[in-house]
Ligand code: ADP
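Form predicted on its own, single chain, as structure tokens, below.
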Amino acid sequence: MTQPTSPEAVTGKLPERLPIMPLFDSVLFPKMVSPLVVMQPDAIKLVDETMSRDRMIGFVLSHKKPTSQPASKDDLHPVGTSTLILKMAKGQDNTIQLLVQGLERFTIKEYLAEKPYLVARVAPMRDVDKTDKETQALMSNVLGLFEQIIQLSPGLPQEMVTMAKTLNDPGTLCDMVTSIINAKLDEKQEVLEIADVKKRLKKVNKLVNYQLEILKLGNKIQTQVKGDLDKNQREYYLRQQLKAIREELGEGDQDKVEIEEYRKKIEAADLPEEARKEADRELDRLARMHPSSAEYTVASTYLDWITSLPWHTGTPDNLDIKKAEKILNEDHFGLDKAKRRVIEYLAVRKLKPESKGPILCFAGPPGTGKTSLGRSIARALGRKFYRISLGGVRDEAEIRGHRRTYVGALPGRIIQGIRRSGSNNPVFMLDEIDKVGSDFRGDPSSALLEVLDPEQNFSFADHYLDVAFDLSQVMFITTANILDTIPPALRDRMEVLQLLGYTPDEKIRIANHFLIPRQRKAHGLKSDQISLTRGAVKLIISGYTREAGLRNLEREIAAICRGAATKIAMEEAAAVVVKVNDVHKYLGPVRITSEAKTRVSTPGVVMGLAWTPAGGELLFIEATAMKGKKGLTMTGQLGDVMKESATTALSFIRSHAADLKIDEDFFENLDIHIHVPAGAIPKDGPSAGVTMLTALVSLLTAKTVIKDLAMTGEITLRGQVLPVGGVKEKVLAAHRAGIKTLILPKWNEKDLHDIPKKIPKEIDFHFVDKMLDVLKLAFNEKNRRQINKT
């Protein structure tokens, strides 16, 4: 340790000749006291001779590290410090211990001798001092930083700060601070060689700043390390306490107990060979881990999943076909095609139990019973039922699961559903498969290709499990409103069953047998407290709902049940009978009126039929003419295909004007405007071609079409009527609207095979393949029955 002395304590004048002793591991500064140990023979001889004279030695820092050879004059710096030996003591190991005090700086002019020790001619190096405000500020800054260093250094006494504050000489302050801080020898030597006090202060400021930052960082690291050590020690201590408590309670080593439990689960699960190897490997890893390890939870969660899956656990199928048919009929009215397909599946299973499950897709408008039919099938088969909604799913991992390397990884929805159902052969419903999306996270519909392929899904690989699971016994049922958005490869793997809308009579029967009892029960009403007449139910269907399905009908029935419950709860009535004249009291005025008769009472207006995802709809085509010159305007949010149909119809009329008894030059002085109402709804497709043709002929001949007539079909320039899609939905929509006559393309006659048998008795169907036949049927009631009619 070094400490300064007052100027008064320093005695002696710097001689011109001065013996030089090299220093290797320290730099001595003027007015500082420091202990030294001398070991080399030439240095010991120098000290002995100096003690007999003036006790003054010059100490100079060497460039090189100490060796057995004496230091050469070329190894020494040009500036050193003259010192006075205050005390000397000889040790038993031929060493000398010195206590020296620095006197002043000197520069070496030349070396006079090298043996037996170095002697040089020296000159004093005086401080160049100029006291001003900047010097005072630099001193103050050095003192402040030095005080912080002392506070952060437990090995340095606090008295150093007090001592430093008593120094008024800036040069001495710099020397003291530099000698104390943990700076490099080269940096200390650089301070020693600076004669200008202000420059010396600036240099010391940099050194002190740097050392303070190092101390702060070291202190921060020490605090963090200590905190981590304290935490680990605390956890270790708590674990040892917990272990001692468990042993005292007789529970033994809980970790070993948990490992044994997993081993028993693996044995009981009867895993396939591949899954068994993976489970054993993960269990071995778990046994080597400490419970506090992050990987411990990952491994234990994986073992929980793989041992809880029903690898060989299934439910026996109900192969009593008559009983299954009875259950299906109890739950749903109609839907004969879907019910027949389930009965066929049961028949095949009865004859061949190892047959694979089918992949059915129920497609149709909303509210037609697709999802509820899946539950009914599960009940008829005696299987567990599990449903997942795929609407809006955009992440492939939702189907295949996440890999275990990710935090919070889980299996996909398929494996989760198998585990929750507790069976390896449930009825698995994938709802809204037409609404699956794709983005940067992958394409879930592509992941479903393996799931919904009976030739592949016997070895379905979930990313989380990383072993194959057999899905071939699962009966997958999917639902969709439209098929166009389903990728072709996925659609090809499914057997599509179309669920069409219901006729009014079917809705009345469904309402009486299913909807009204269900809503009566949901609102706490008894069968003798509320009843609806057949006329009231029919009015609700025709005047308050316009849909292919049943959802809105059930909502209106629920509204009537709420109104009846209110009356009974307020003791206004003991029982409620809802008749035709009472419906508006609960539901308000009739919302839907038939426009068929009023809209087509003028020339230029014809009813067509359109297909929508919610079922069929009536589509009115209006045409009008005004003075102009060959102008054709089309409005109503029409698509390009629909506009082309209007142009084709106009060209056909112009080329067959004579046959239609229309002036051949009618278009020379006319502008024609075709409009399709409900202009806010986009419309497209070729099926309105015959309707546009009929509307234009009606306008140009000033004839109205016969009453209660609707039509659909695509037209060509040669006068042919081509087939269109969605015929079943369009026919049901026409029946709901009370249409009595329908004109359809002859090619679509086969599509009426699945419509209810009652509809052909109430509607006259005319199948045509020529456009002139369409016009004869539309305008001349006498000629209607002369055309081929079915």
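Everything quoted here is computed from the prediction, not taken from an experiment. Just count from 1 along the sequence shown to find any residue number.
Another form exists, predicted together with the named molecule; not displayed. Remarks below refer to it.
When you look in the predicted bound form, the only residue of 367, 314, 563, 454 with a non-hydrogen atom within 4.5 Å of the named molecule is 367. 510 is the sole member of 638, 475, 381, 510 with a non-hydrogen atom within 4.5 Å of the named molecule in the predicted bound form. In short, of 76-84, 525-533, 298-306, 550-558 it is 550-558 that has heavy atoms within 4.5 Å of the named molecule in the predicted bound form.
When contacts are judged by a 4.5 Å heavy atom cut-off, residue 333 counts as touching the named molecule in the predicted bound form. At a distance threshold of 4.5 angstroms between non-hydrogen atoms, residue 428 is out of contact with the named molecule in the predicted bound form. Heavy atoms of residue 514 reach within 4.5 Å of the named molecule in the predicted bound form, making it an interface residue. In the predicted bound form, the named molecule lies farther than 4.5 Å from every heavy atom of residue 198.
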